[in-house]
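The chain that follows stands alone, in the form predicted alone, written as structure tokens.
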């Protein structure tokens, strides 16, 4: 089994060197020396990354690369790819990279499973797209409702919205347990032409289970035929028995595995709505783009390895320059869900305070990730970015070739993207003053440019960010593949839900403030 190197990062020589460098460079502007852009930028596939606006120099980069070496990062990367148990708390591998490996190139232990299941769900997707798969009345499917939450939802919705928002069949997404979400998702649907995809590894996640049951009741009430469920519901799950009890025959059940975390699962059958929206060739291109990032990540030396470098920059900014938040600014409306996706990826992976060995970390781990759709954000929260007092970092993401023919619009969009990067880092180059006062500048910025927003380019982008999250977890000595904190709220919600539905309160472990809220809520509800 793979084991993390035992020494905490703050005990390493490179860590102390970085602390000294940060102190020496406090408050200093970045000098725009010749060749800086060429030194601190790189290309992978159809994606170009400029990190020359980071607060780094040759000495900082050398210390960061030494940090990666001392933390055993390259060993961890190789261990993940070959299937060692890098998910230490759950004692299992993390083999999401196997999901996008070409046939015959994945780890032998799982390659056959992956290839067989990939062919199954891609064939099913083509049957739905072409009309070969028909509902219980013999009509083709016109609407697909994907029911999931978290990792089983955010990735598929992001990709579908980015690449095929107007697909045929129409794709809808239902995640929130809020009844309004279910009502809106079901409004206007014809049960005879609707297909439901229930994506849940355990088939027991509260929100997904509740929404699936509501969708099933809605369907049976309108068709008066429980047996018709078999033509209108499919599952992506590791719990075959629960899916069978729901009414889904074997042909309607697609596998996911315990060695694929939810937030890394869009490349599996969890991506079935993506395959329906894009078709087999589009999904294959998405996988190919991710595989390109995988190959770069696994084979490129540290000094030129983009996911590693981006992870090292995140550590530098978070632990040495005091940046507590990271803004994700998408200068392409089609990527407006990217901040939500990366928020889960980063904060669920690395928002932890316990190391592999059970000891507490001695430094901050994941920054708070947030963001928005630009240029809307420039007329909202950018005021704080430019003149506020808090330290932060930012990724600006844009596409060079737009998906439309309004060239002037796109020139303005790119102009704003580049201008914001300039202002965030070096506002003082234009005097640093506005009518309202001082513009701070000196905020580290990375700019990511896609040649165009295609399945291949998006696959590369998402896989690169996955690998960045893994690398930062390794450096901090934490496990980026579990999420124990998520379970606490779920455990506490059960007794509270019981109390909300019971007119007679019972003794429980509910605290006094929550009990008071319950009493107030039940009083108002009963007065209707």
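Numbering follows the first chain given and starts at 1. Note that the structure is a prediction, hence the values are computed from the model and not measured.
The same protein has a further form, the form predicted in complex with a small molecule, not shown here; the description that follows concerns it.
Annotated contacts: 326, 393 and 447 are all free of the small molecule in the model of the complex [non-hydrogen atom within 4.5 angstroms]. A heavy atom within 4.5 Å of the small molecule in the model of the complex is found for one listed residue only; from 151, 307, 367, 421, this is 151. Proximity to the small molecule in the model of the complex, defined as a heavy atom within 4.5 Å, singles out one entry of 262, 339, 402, 83, which is 262. Partner contacts here mean any heavy atom within 4.5 Å of the small molecule in the model of the complex, and among 74-82, 351-359, 200-208, 218-226 they occur only in 200-208. Among residues of the shown chain, residue 318 is not one whose heavy atoms approach the small molecule to within 4.5 Å in the model of the complex. Put simply, residue 88 is far from the small molecule in the model of the complex: not one heavy atom of it is within 4.5 Å.
At least one heavy atom of residue 483 is located within 4.5 Å of the small molecule in the model of the complex. Using a 4.5 angstroms limit between non-hydrogen atoms, residue 344 touches the small molecule in the model of the complex.
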